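Here's a solo chain for you in structure tokens, the form predicted on its own.
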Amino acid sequence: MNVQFINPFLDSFLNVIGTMATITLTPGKPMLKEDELAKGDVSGLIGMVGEQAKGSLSLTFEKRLALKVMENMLGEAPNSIDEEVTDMVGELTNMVSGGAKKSLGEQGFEFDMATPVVVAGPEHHISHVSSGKKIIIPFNSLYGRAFIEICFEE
């Protein structure tokens, strides 16, 4: 997978969470992912299609981190992953993919984005829209972990 596609998503994710939720995330080592099992409790998934590439992005949060992001962004402290938390994860997915789209557009890569889908619950699955290799990058914070999955076929 072309690193030119990956870095804008990572940069956008760090920027969005750092700016909107004032939470510092520390990226871990990227790995290939072979299954569809999510590593956290709530995930946003968005498809992207363009002339140069077709793919998808997912953001997954462990419960504790998702709740802290909600608290920091909106001043509400839910006890569980409810409709407002899933809406927030969908909006974060939009913001991250939009930031990456802007950066990739400046490099000459254009694509359209679908509406994000949010899935929650223990051991939920993430089904990417393309058949390319899936890269997963873990992020650590004081409040738990988040994960980005990126899957593109070129």
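Just so it is clear, the structure is predicted and the values come from calculations on it, not from any experiment. Quick note: we count residues from 1 along the sequence shown, nothing fancier.
There is another form of the same protein, the form predicted in complex with a further copy of the same chain; it is not shown, and what comes next is about it.
With a 4.5 Å cutoff on heavy atoms, residue 124 counts as touching a further copy of the same chain in the predicted bound form. In the predicted bound form, a further copy of the same chain sits within 4.5 Å of a heavy atom belonging to residue 86. Although the partner is absent here, residue 141 lies well away from a further copy of the same chain in the predicted bound form, with no heavy atom inside 4.5 Å.
Taking non-hydrogen atoms only, residue 90 approaches a further copy of the same chain to within 4.5 angstroms in the predicted bound form. Considering a further copy of the same chain in the predicted bound form, the lone stretch of 63-71, 23-31, 125-133, 102-110 in range is 125-133 [heavy atom distance within 4.5 Å]. Not one of 14, 17 and 95 places a heavy atom within 4.5 Å of a further copy of the same chain in the predicted bound form. Contact annotation for 103-122: residues with any non-hydrogen atom within 4.5 angstroms of a further copy of the same chain in the predicted bound form are 112, 113, 114, 115, 116, 117, 118, 119, 120, 121, 122, listed in sequence order. In the predicted bound form, the Cα atoms of residue 125 and residue 144 sit 3 Å or more nearer to each other than they do here. Three angstroms is the minimum change: in the predicted bound form, the CA atoms of residue 123 and residue 64 sit closer than in this structure, by 3 Å or more.
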